[in-house]
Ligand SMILES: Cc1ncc(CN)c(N)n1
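Okay, here we've got a single chain as structure tokens, the form predicted on its own, with questions on binding and movement later.
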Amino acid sequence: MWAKKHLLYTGATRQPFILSIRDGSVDLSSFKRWLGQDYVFVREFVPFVASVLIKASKKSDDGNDMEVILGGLASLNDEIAWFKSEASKWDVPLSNTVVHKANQNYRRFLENLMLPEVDYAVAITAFWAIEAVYQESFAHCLEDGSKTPSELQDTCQRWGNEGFGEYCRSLQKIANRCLEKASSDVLTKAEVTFLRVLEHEVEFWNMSHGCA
């Protein structure tokens, strides 16, 4: 199982779309496709994060969890505004975006994670994984030797900056603490959920890259 997780995580954070941004060969039509689809996704991500916050308020044994999650939820308002601004800059119409199947599947997955019966440990694991994939992917595009186009630097900075990295590490600490105390059944569900997040991320990148 660990080999599969490692393979999938590498696939999710070093997918050809991300690598094309890093080496400067990205097709800007792919970037525009990603921009429109991710805007749609983020609007579904907001209620998911809100559901994680509610679970934390009821199930967490550490009051700091709520503060970390609330900070993430609050930042999504700025993120939506950023997507609208970028879409305007790139002439990407958001109001009539046709939602791709990969996006539909991912959003349906989030809806299932919002159900009350989903354990907090499972939900926070998914939340951390989703954020961590973006952080590590876009941080890779900012590393020494990258040839990321100047017009995409702002996008990479949004998720690849060290502040977002610290936030992701805070989420990981919460997830790890919850999983250390979880039953074997919850651990299994969290592991499966983690793998599904990675699979959905790969499918989303593939869709953006025009591979699906």
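Predicted model only: the values in this text are computed from it and were never measured. Residue numbers run from 1 along the displayed sequence.
The same protein has a further form, the form predicted in complex with the named molecule, not shown here; the description that follows concerns it.
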If you drop the named molecule in as it sits in the predicted bound form, superposing on the site C-alphas, does this form leave room, or do 3+ ligand atoms land within 2.4 Å of backbone or C-beta atoms? open
Heavy atom within 4.5 Å of the named molecule in the predicted bound form: which of V42, L152, V68, L187? V42
Three-residue site D38, I130 and F204 fully in contact with the named molecule in the predicted bound form at 4.5 Å by heavy atom: yes
Tell me, please, which stretch of 22 to 30, 42 to 50, 142 to 150, 170 to 178 lies within 4.5 angstroms of the named molecule in the predicted bound form when heavy atoms are compared? 42 to 50
Does the 4.5 Å heavy atom contact test between Y120 and the named molecule in the predicted bound form come out positive? no
Y134 within 4.5 Å of the named molecule in the predicted bound form, heavy atoms: yes
Applying a 4.5 angstroms cut-off on non-hydrogen atoms, the residues of 75 to 114 near the named molecule in the predicted bound form are E79, Y106
